[in-house]
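Here we start with a single chain on its own, the form predicted on its own, put down as structure tokens.
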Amino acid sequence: MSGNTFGERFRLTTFGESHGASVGGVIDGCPAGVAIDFAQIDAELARRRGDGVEGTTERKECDHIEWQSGIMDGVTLGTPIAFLVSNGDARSEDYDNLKDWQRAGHADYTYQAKYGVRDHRGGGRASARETVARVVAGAIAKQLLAKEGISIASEWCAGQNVSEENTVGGTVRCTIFGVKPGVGEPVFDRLNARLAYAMMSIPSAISFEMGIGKEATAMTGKDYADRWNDCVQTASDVDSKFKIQNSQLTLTNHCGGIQGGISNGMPIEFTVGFHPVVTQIPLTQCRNGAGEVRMIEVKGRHDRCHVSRAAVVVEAMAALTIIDEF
């Protein structure tokens, strides 16, 4: 497994490096006859760029999508959807002095250890520039999910004391509305496990919590259990699946809408934690192949806080996870 493909039924393969000619992806499994809202995709990409948000990188790509296949006259053909997004605002020369040096806390060392070679320009494949393709595919998945009455929202919270001299991380709280009971598989393919897998693939993701997360570890079972709302009336629909006649199935949602790995009809809620950007300006501790360690001047353009930009990536990966279950 190369690790560049996500999903089984609705599959996304991404490619490209931060300072390469382009990044992009191939979507396979999208049904035919879907009218694509391109403006909505562009709006999602603007969120990923962090347009208008203080503390985000000064690197501003236009993110113009070149659709290569799978769409004609704005409608999907059912064939693989291939797309390119050119990298136009890269300044690769800013990274020349890092060619033989590996930044502390970054993926420089591990990529070198695995492949014996790495693209030192802007982090190469490990850069969050790769998430452009996830957002494009996630936007299409959101449009498909909307037809099923499913929507996704998030809110982000940054750490304190962001400044010109340092960086901070933070959290993204994501909620998926409208998923009916019975979605997901037991044991190894639990829906919460798949969500965790998706979220921890996002650059700088450091933690994943379902529902109230680690707060549950300090609770008693009596307090944690999501008690039934006895005002809810239930019935079986034509598909013989449990149907909720009221949005509040349980009085609380401590579990985050998933029990035994399967959705219970309540909103699916989880939180993803992101560590700070590790590259420090102007000096970052680096190590070379000979084991020498020194402080190296780092140029480039880096986020002081990237959590606002991560929120739309979290939503995209949530959409790709849920659409794959359909």
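One-based numbering along the sequence shown. Here the structure is a predicted model, which is why all the values come from computation and not from measurement.
Beyond the structure shown, there is the form predicted in complex with a further copy of the same chain, which is absent from this document and is the topic of what follows.
Q: I'd like to check something about Gly88: if you look in the predicted bound form, is any of its heavy atoms closer than or equal to 4.5 Å to a heavy atom of a further copy of the same chain?
A: Answer no; every heavy atom of Gly88 is more than 4.5 Å from a further copy of the same chain in the predicted bound form.
Q: I'd like to know whether Gly170 contacts a further copy of the same chain in the predicted bound form, with contact meaning heavy atoms within 4.5 angstroms.
A: Heavy-atom contact with a further copy of the same chain at 4.5 Å: present for Gly170.
Q: Within 4.5 Å, heavy atoms only: does Ala39 come near a further copy of the same chain in the predicted bound form?
A: Outside the cut-off, so no.
Q: Please tell me whether any heavy atom belonging to Gly122 falls inside 4.5 Å of a heavy atom of a further copy of the same chain, as the geometry stands in the predicted bound form.
A: The answer is no: Gly122 has no heavy atom within 4.5 Å of a further copy of the same chain.
Q: Thr252, Thr76, Ser151, Ser154: which sits within 4.5 Å of a further copy of the same chain in the predicted bound form by any heavy atom?
A: Here the answer is residue option Thr76.
Q: Using a 4.5 Å cut-off on heavy atoms, what residues in 262 to 288 are near a further copy of the same chain in the predicted bound form?
A: Read in sequence order, the residues that approach a further copy of the same chain (within 4.5 Å, in the predicted bound form) are Ile262, Ser263, Asn264, Gly273, Phe274, His275, Pro276, Val277, Val278, Gln280, Gln285, Cys286, Arg287.
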